[in-house]
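Single chain ahead, by itself, as structure tokens, in the form predicted on its own.
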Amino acid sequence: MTRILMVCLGNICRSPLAHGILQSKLSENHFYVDSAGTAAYHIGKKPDYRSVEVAKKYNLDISKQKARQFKARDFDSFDYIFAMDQSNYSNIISLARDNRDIGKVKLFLEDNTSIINKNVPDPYYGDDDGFERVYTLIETTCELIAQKLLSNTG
């Protein structure tokens, strides 16, 4: 089974959306998707209500997810670790124990060649439109990631 982890700062906005979207595109028999945050701000809490609402608009239910903090042991549990932005990428890499750990981590938008800025914007302090824009960006990129994962396993 291929295991994928989506990581943002608090694990309540971007990574829960990426978790839910990618999970909807992959077979649960062959892929496990989870999410985490590099900070401990929201451990045990549900995703931000605006992330839940925008996901619901597209027939995805992410309301059962619970925020957790990224730990070094996640390197042992996951094959791919996607960071939503450069700051979180750096935070994850700082916990890496060796080059094998580092090799599992990449920026979420890295393979999306239509995007120049490789940081998924954090919509937390913005308005609801920010969540819609972030959803669209994440959905497009999850489609690319799913295609790549499926071509690697099939």
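In this text, all values refer to a predicted model and were calculated from it rather than measured experimentally. Residues carry their position along the shown sequence, with the first being 1.
There is another form of the same protein, the form predicted in complex with 4-nitrophenyl phosphate (4NP); it is not shown, and what comes next is about it.
Student: Using a 4.5 Å heavy atom cut-off, indicate which stretch of 24-32, 90-98, 103-111, 119-127 touches 4-nitrophenyl phosphate (4NP) in the model of the complex.
Tutor: Only one stretch passes the 4.5 Å heavy-atom test: 119-127.
Student: Determine whether any heavy atom of residue 9 comes within 4.5 Å of a heavy atom of 4-nitrophenyl phosphate (4NP) in the model of the complex, and answer yes or no.
Tutor: Flag for residue 9 set to yes.
Student: Just checking whether residue 46 would be counted as a contact of 4-nitrophenyl phosphate (4NP) in the model of the complex - the rule being heavy atoms within 4.5 angstroms.
Tutor: Residue-level check for residue 46: no, no contact with 4-nitrophenyl phosphate (4NP).
Student: Is there a non-hydrogen atom of residue 19 within 4.5 angstroms of a non-hydrogen atom of 4-nitrophenyl phosphate (4NP) in the model of the complex?
Tutor: It does not: once 4-nitrophenyl phosphate (4NP) is placed as it appears in the model of the complex, residue 19 has no heavy atom within 4.5 Å of it.
Student: So, residue 41 and 4-nitrophenyl phosphate (4NP): in the model of the complex, are they within 4.5 Å at any heavy atom pair?
Tutor: Contact check for residue 41: yes, within 4.5 Å of 4-nitrophenyl phosphate (4NP) in the model of the complex.
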